[in-house]
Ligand code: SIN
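Quick heads-up: it's one chain on its own, the form predicted on its own, in structure tokens.
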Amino acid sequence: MKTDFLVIGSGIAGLTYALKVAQEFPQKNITILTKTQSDETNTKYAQGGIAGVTDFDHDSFEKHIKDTLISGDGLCNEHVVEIVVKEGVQRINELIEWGAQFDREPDGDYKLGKEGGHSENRILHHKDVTGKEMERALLEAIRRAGNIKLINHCFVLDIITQHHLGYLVTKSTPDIECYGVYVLNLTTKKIEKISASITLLASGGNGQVYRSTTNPAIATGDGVAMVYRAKGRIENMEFIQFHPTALYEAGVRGQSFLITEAVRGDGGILRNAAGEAFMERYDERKDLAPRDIVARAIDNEMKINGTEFVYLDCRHMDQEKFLEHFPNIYAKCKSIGIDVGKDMIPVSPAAHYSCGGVKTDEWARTSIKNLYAAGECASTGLHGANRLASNSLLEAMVFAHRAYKDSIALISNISKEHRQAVIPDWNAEGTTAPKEMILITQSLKEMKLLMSDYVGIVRNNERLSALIVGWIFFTKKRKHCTKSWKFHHNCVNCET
């Protein structure tokens, strides 16, 4: 298969880029690949909203920029922060033109929420399912376009570079080029190749590397891994943001239900096992401190009290307004026997967002030619060490737009040799199919356990060193032994 523009991922970054390119080039082909259904993305699960300066009577670009820099702990790229904040308002207006509906006051003005780290109310939202509403509007616009092909159930395996054409490619190789991708068609079970003049990587995050995450099952970091294998540049992968308030459900692993920060913005109070409001001991902003501070505070309270969760107290809040703003959260809590008007909500931190990823410049260009990256898989410099709440959807739209603008100039300069390159079929020589899938699923469980226990919210040298030792056992010795690496000492099977 050949296409002019290839988009990997159907979240807000991928859809925004595809829609703009399709409108600019109605005679060219745009193909979107997604692992499952087209709406199953991290975007869909974004509850809180999208941050943008729309009320200039009380807010300003300078305030939003300052809040972002403070939240990023001094590691943001200030130029990129300014770009995103100032251009973001235009992108929000475009989204509204495409049909996204945000909540309004009776007088018609937008309802603006406030979340942790923000000095003003600037969060536009659609109840507590903002991401889902944005995804809906974009998918409807995509389906109206005549030159976009959206293919579900396709798992992208590798970015095609000169390596696949028989050339030696290393991290020092200049001008590595992307020619397209190899993809596993989950319907036919066949591995196919797709050639593309320009490729946008919008593959999302990697939350599923942890035992507990707010991310859906598809968030397995495939895009970043592909660029790493292709000798592209990635950065800041250690900056994993843990959302402070995921709903705690005993025995539930995998995707945790998110309790949006907007609940605390509307007055929710965090309390420990003794019922004490503890955030004032950690930060003067109390429950609306940036996420990293709140997550570490909750982690500390759980360790002090020997509990697996703290409480989010919403009992004092106007219940009619709570139901209006957070109907999804209300229904979820009710389904497990929690009446938010009478009961406190048990919450604990969960892996939420990757602030690092594929390194890009201010036009979403990666270190690999003809390959752009946008959304959570990209490291643009906006977030620094910790993302400011509701900046992610904004960043995705801004950099999708910038990738589109740069693509306009690039598409006409794609060489004839690049377009006509002969791509070999997928080579599976030397690989074997597992006889028992349990070997893979068990390895996955152990990886999640290791990451959660050793590379969680608070890290230290001792735990990281122990992880390295354990991982060496796990990856190097396990194939000789039927036992878990934890019980590997004095093993008769491999004499360890």
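Numbering starts at 1 and follows the sequence shown. Quick caveat: nothing in here was measured; it's all calculated off a predicted structure.
Below, we turn to the form predicted together with the named molecule, even though it does not appear here.
For the candidate spot formed by 47, 291 and 389, every residue has a non-hydrogen atom within 4.5 angstroms of the named molecule in the predicted complex. The named molecule is not drawn, but in the predicted complex it has no heavy atom within 4.5 Å of residue 122. The shortest heavy atom separation between residue 287 and the named molecule in the predicted complex exceeds 4.5 Å.
For residue 243, a non-hydrogen atom is located within 4.5 Å of the named molecule in the predicted complex, even though that partner is not displayed. By the criterion of a heavy atom within 4.5 Å, residue 352 is counted among the residues contacting the named molecule in the predicted complex. Contact annotation: of the candidates 258, 371, 159, 81, the single residue with a non-hydrogen atom within 4.5 angstroms of the named molecule in the predicted complex is 258.
Only one segment in the set 312-320, 419-427, 258-266, 340-348 has residues whose heavy atoms sit within 4.5 Å of the named molecule in the predicted complex; it is 258-266. Shown without its partner, the chain has 115 as the single residue in segment 100-127 with a non-hydrogen atom within 4.5 angstroms of the named molecule in the predicted complex.
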